[in-house]
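As C-alpha cells, one chain now follows by itself in the form predicted on its own.
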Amino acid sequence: MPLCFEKNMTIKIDVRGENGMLDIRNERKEDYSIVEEITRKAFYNVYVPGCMEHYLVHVMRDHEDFIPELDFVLERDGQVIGNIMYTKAKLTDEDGTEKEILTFGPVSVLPEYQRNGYGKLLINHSCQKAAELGFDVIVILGSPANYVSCGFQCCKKYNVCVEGGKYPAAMLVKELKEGALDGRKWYYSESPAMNIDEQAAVEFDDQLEPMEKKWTPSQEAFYIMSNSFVE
C-alpha cells in the first residue's frame, strides 16, 4: 500500500544549471493560474486545434484521485516554467485482482524552454518521489520519443493492455520497483479525473486571452500514434 504523507508536504531540490538556478517544489495555490497558463501555451494546437489540457489541470486538483504530493512545479531563477501532475490509475488482471498504480499528465514546459531537458528533470524527480511514497508502477499515454529516455517501455513488454486486449503504441510503462509486474496480463484503467466535459473546457478557454486555433503537422502525428497498436 502507498504510504501516507502530509498533504502540504514540500519537497525541494536545487540544481545549478548553465542557464541559472533550477528548483523543483510542490505546487502552491498561488501557482494555479500560472500553471494553467503554462499548460495552455505548451499544448495549444499540438494535438488538436486549441487544447483542453489547461482545463484538465483546472479541475483535476479537486478530484479524489489527484495526488498533491506528486504535483510539482519547476522554477528557473524564481520563475515557474514547468509542471507535472499525477493521478491514481488501476490495473486489473484476468482474475479481477486490482492493482493501484499511477499515471501523470499533463507535463508542461513553456514553449520557449522546451527541448532543454526540463520535462525530463520533472519526470525523473517525480518518479523518485512516487517510489518513496510506495507506488511501484506508472502507466502513461504519450509519444515514446519523449519518454523512453526516462525509463518507460512499450506496454506489451509488461503485458499491460487496454480493453479488448490491444497494446496501444502510445501506452508506456515504467516499473518503479523491479518485478512489480509479474508477467500476468493486466488491463489498464485511467482515473475518471481524465474524463472532462469538452463543452465546459471550450467555455473555460473562451474566457482567457485569445489564441489562434489552427492545424499543425503534430496533429497528424498524434492521430497516427493514437490509432496505432503493437502486435
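Just so we're clear, the structure is a prediction, and the values are computed from it rather than from any experiment. So that there is no doubt, residue numbering starts at 1 and follows the sequence shown.
Although not depicted, the form predicted in complex with a small molecule is the subject of the following passage.
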Hey, of 102-110, 89-97, 155-163, 130-138, which bit sits against the small molecule in the predicted bound form at 4.5 Å between non-hydrogen atoms?
102-110
All of A42, G119 and S149 with a heavy atom within 4.5 Å of the small molecule in the predicted bound form
yes
is_contact(Y47, the small molecule) in the predicted bound form, heavy atom dist at most 4.5 Å:
yes
